[in-house]
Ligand SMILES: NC(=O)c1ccc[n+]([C@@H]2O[C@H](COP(=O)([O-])OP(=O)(O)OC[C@H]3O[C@@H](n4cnc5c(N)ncnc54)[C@H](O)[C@@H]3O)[C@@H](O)[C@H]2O)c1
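To begin, one chain is listed below as structure tokens, in the form predicted on its own.
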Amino acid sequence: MKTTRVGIIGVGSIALAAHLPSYAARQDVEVVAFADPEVERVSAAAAAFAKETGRPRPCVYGSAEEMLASESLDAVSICTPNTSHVHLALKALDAGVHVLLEKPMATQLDQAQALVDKVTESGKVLMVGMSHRYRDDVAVMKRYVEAGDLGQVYYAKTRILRRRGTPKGWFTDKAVSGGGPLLDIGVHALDVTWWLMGKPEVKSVSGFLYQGIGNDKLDFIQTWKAKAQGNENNEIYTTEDFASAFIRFANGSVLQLEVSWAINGPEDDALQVDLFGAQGGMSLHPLRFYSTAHGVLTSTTPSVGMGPLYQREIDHFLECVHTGAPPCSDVAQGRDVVHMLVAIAASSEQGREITF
């Protein structure tokens, strides 16, 4: 059994909570190196990883360039702030390494297209970390849609509304993150719903971004803590905290999106998806199918949960690395999602609908 040698670029929350445990669960994977400018903090994380898993301690480098030049790697996970994604992915592809790239793939459309071109040229796998596609309940929804049980899906709604859930750290600094909840959690809601609809071609986008609450100080509120140094208390807050969009597709269907880090309204923190078709409808959280039978309205609740989505994501990435098969969330789809995200922000800034 060939061992896949993996490096992690950016050892923050998502790397520690999702990527590392999922790689460690595989006997055919060796996590050989970490790259992060906060060497002291990451060295402690490397020692903890070795102690907890019984695996060799990963080497720690202060930069991705140093790690790629020093190690013989098969693949990397890139788990860094959004605006660094494309630069680091290009470096990894130039080094002949397969890439699992955290969402969003890019923050600018031209950069996303450059990455598409580089992947085509390199022949390497680049998979975008759209983790909600790898949920068990979402997989069941996809089965219903592809089997034709909903008929033509003509309308979809998706949302993640946090009442107070602004993450600490670089997320609120637009120069580093590229945007607020739209690029943080909205990308998940948009991607998985568009994918369930069959990835229809976009016709036009109307968006609205707003910072309505900002960095308010409330007691007894817990949220994502910053792992990296700098902006630990969101002293820099230059992003929106609410975003909405209305997207028209070339096939006549439409999609409505709402996401927030902070809003004065009911909290709906889990990903919500509603699909409405001519033959049936489907909702996520809870998973439910709506239709008619024998002249009456019916609803059924498939018996399936979320499942180990991150493990399924990592397993799928490694399968693609080993076989050369295209990933479910590939680079071209990543570019198309970035196109929608960029258009939503542009529509809000310009106060008009953006036509593709």
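This is a predicted model, so every value here is computed, not measured. Numbers for residues come from their place in the sequence shown, where the first is 1.
In what follows, reference is made to the form predicted in complex with this ligand, a form of this protein that is not presented.
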Worksheet item: Can all three of 14, 82 and 184 be found with a heavy atom no more than 4.5 Å from this ligand in the model of the complex?
Response: yes
Worksheet item: What is the one choice in 195, 171, 242, 144 with a heavy atom within 4.5 Å of this ligand in the model of the complex?
Response: 171
Worksheet item: So which of 227, 91, 118, 133 reaches within 4.5 angstroms of this ligand in the model of the complex, heavy atom to heavy atom?
Response: 227
Worksheet, complete the sentence: Note: this ligand not shown here; in the model of the complex, the stretch from 52-60, 285-293, 31-39, 314-322 having heavy atoms within 4.5 Å of it is 31-39
Worksheet item: Any chance residue 159 has a heavy atom within 4.5 Å of this ligand in the model of the complex?
Response: no
Discussion item. Taking any heavy atom pair closer than or equal to 4.5 Å as contact, tell me whether residue 20 reaches this ligand in the model of the complex.
Written reply: no
Discussion item. So in the model of the complex, is this ligand close enough to residue 334 to count as touching (4.5 Å, heavy atoms)?
Written reply: no
Discussion item. Test of understanding: in the model of the complex, would residue 188 fall inside 4.5 Å of this ligand by heavy atoms?
Written reply: yes
Worksheet entry | Heavy atom contacts to this ligand in the model of the complex at 4.5 Å, residues of 299-321 in sequence order | 310
